[in-house]
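Just one chain is shown here, as structure tokens, and it is the form predicted on its own.
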């Protein structure tokens, strides 16, 4: 029961993403300790968005970060991110950033163990921002929807226990609201869609906030660009 000692509205603590203009569209950032899903096709900018979120936390807010991947190779990722001025190797040497290459089977084992080595890393390095890139490979381990739903619920429960603000990426070649797993849709706190369609002979980029719990946000689709500073969103488009 709420007390009447103050008439002020309780405002959830926000975690800025560092994506230019995006934070102003979501009341300052993701909700603290939320689980957020970023969905897009190949080349849509999912990994860049996720790393920008982690880098911003480490450099601007002194929040250590963990990047769990099934697909990216460490040296290639580090090299690619240098083009944005993001020196992940330096941050790793400062014990601010942890890169963890996992197989989907290891994540499946992690759920059975209730956290395992990932939980140990989070405690040791005081991790506050987490990315799992991507959960698509993980979901393919389960043949039927019920098993997939149970695994998703178990994964979200584990993440919630870690006390991190998390981004999960998912690959969808053709984004359709119906194609998103209903179990994932129901459990995550927000769903961000990244589009990279081809119009005539040119591809364009766009972003949509499909869902974000407890947050006033626009239902519009905004133009998105990737330059030397990372991802930015063009307001009013």
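What you are looking at is a predicted structure, and each value in this text was computed from that prediction instead of being measured. Numbering follows the first chain given and starts at 1.
One more form of this protein exists, namely the form predicted together with a small molecule; it is left out here, but the text below deals with it.
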Q. Honest question, do 58, 101 and 165 all end up within 4.5 Å of the small molecule in the predicted complex by heavy atom distance?
A. no
Q | Options 206-214, 42-50, 58-66, 24-32; stretch whose heavy atom lies within 4.5 Å of the small molecule in the predicted complex | A | 42-50
Q) Of the residues 160, 120, 94, 83, which one places a heavy atom within 4.5 Å of the small molecule in the predicted complex? A) 83
(Q) Can you tell me whether residue 72 touches the small molecule? I mean in the predicted complex, with a 4.5 angstroms heavy atom cut-off. (A) yes
Q. Any chance residue 227 has a heavy atom within 4.5 Å of the small molecule in the predicted complex?
A. yes
Q) Any of the heavy atoms of residue 171 lying within 4.5 Å of the small molecule in the predicted complex? A) yes
